[in-house]
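Take a look at this single chain in structure tokens; it is the form predicted alone.
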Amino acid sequence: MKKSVIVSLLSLATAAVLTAAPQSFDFKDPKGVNAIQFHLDSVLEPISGTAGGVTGTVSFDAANPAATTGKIVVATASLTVSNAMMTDHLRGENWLNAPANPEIVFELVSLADVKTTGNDTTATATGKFTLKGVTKEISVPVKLTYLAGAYGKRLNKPELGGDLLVIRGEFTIARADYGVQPGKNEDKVNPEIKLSLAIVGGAPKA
């Protein structure tokens, strides 16, 4: 009897593993809401802006969040601040040179310190961050919120099946590390850039 119970439990566990599978979440937002915020809190001119050209995919398994992989891409030409001339300078050759460096990329390599409570998973994401053609490894605290069955609700189309994955995080980089006007104009443009993201990806189901 005891043996049969153990066999049954092993069968259930095996079935659970076999049915669990990672989902691919697309972060090209059909509602156009996704954006990355950036802040340069300089002495003379605190500057904030957004970048709306967010794309990329993330593979997430609700049964194994630690195995999450993926890549988020931001179009450099989508970076905008409130002053049009400053936006032109930001995208221009002396700063980010958007035509030559069209993408800002974070490629997730691994998650550490993974903790899941309910729908939320917190972790430290280590990955390759590329800005202005320079790639460096960075570690970023992130929060992943998995919302099963919420895809259609977000689009006001409840007939659509599917899930959502929301990624939130904040981190700071030094612009000099990426060759962005190192040591110059630091009174007007802070040497450090704070980035914050709260973006949602969808995994529709037929």
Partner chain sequence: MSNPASTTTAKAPAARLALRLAALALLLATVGFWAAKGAHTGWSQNQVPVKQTDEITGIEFVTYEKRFVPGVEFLGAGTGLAGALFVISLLFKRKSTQPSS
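This structure is a prediction, so every number in the text was calculated from the model and none was measured. Numbering follows the first chain given and starts at 1.
We do not show the form predicted in complex with the partner chain, though everything after this point is about it.
- Picking from 78-86, 101-109, 116-124, 132-140 the stretch near the partner chain in the model of the complex, with a 4.5 Å limit on heavy atoms, gives 78-86.
- The partner chain in the model of the complex is not approached by Glu170, whose heavy atoms all lie more than 4.5 angstroms from it.
- Among heavy atoms of Gly49, some come within 4.5 Å of the partner chain in the model of the complex.
- Though the partner is left out of this view, Ala203 does not reach within 4.5 Å of the partner chain in the model of the complex, counting heavy atoms only.
- Although the partner is absent here, Ala67 is not a contact residue: none of its heavy atoms lies within 4.5 angstroms of the partner chain in the model of the complex.
- The contact residue chosen from Ala62, Leu160, Ala176, Val166 relative to the partner chain in the model of the complex is Val166, the criterion being a non-hydrogen atom within 4.5 angstroms.
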